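One chain follows as structure tokens, the form predicted alone.
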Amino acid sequence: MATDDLMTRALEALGDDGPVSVEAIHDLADLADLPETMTIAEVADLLDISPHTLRYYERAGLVEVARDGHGHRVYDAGAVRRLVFLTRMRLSGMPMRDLQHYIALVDAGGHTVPERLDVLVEHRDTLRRRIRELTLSLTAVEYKIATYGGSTGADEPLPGL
């Protein structure tokens, strides 16, 4: 399932009424229907990213991937879950250095939870600012559309807002 398909499914599941819940996100991240192991091509297709990107994440130390007897990568459920998280964070604009720092903290163990929380809170604050900036930009575009006599679509709710 491609990233666009995942995003469409997520937006449909979340609906337009109210804030997004943690439970809804947990349900969307449920990977129970996936095979026990996957090839690099299958994971690339699932996440709508290239095999090159998957190899890059591995070289960057973000994910560990086992190899079969022929040396081919074999992704287990844990690796796929981590890649789902990594791709979502990259889509949200989290820099690679921050992802590498966060993953190093995860791999270091439970005593790093407070620092991981700090990383995520900082990223959340950055996202909230970007959302406000994008909302302002959207308002400016709608204003300009209205000046040309077009419909701004103001009656249509913004997804997730």
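All values reported here derive from a predicted model rather than from experimental measurement. From 1 onward, residues are counted along the sequence shown.
Heads up, the form predicted together with the DNA isn't pictured, but that's what we're talking about next.
Residue contact with the DNA in the predicted bound form: Arg97 places a heavy atom within 4.5 Å of it. Although the partner is absent here, Arg73 lies within 4.5 Å of the DNA in the predicted bound form, judged by heavy atoms. The shortest heavy atom separation between Thr112 and the DNA in the predicted bound form exceeds 4.5 Å.
Within this chain, Val119 is remote from the site of the DNA in the predicted bound form, having no heavy atom within 4.5 Å. For the residues Arg132, His101, Arg59, Arg124, the 4.5 Å heavy atom test against the DNA in the predicted bound form is passed only by Arg59.
The contact with the DNA in the predicted bound form, taken as any heavy atom within 4.5 Å, belongs to Ile40 out of Leu34, Ile40, Val63, Leu105.
Each of Arg55, Arg67 and Arg90 places at least one heavy atom within 4.5 Å of the DNA in the predicted bound form.
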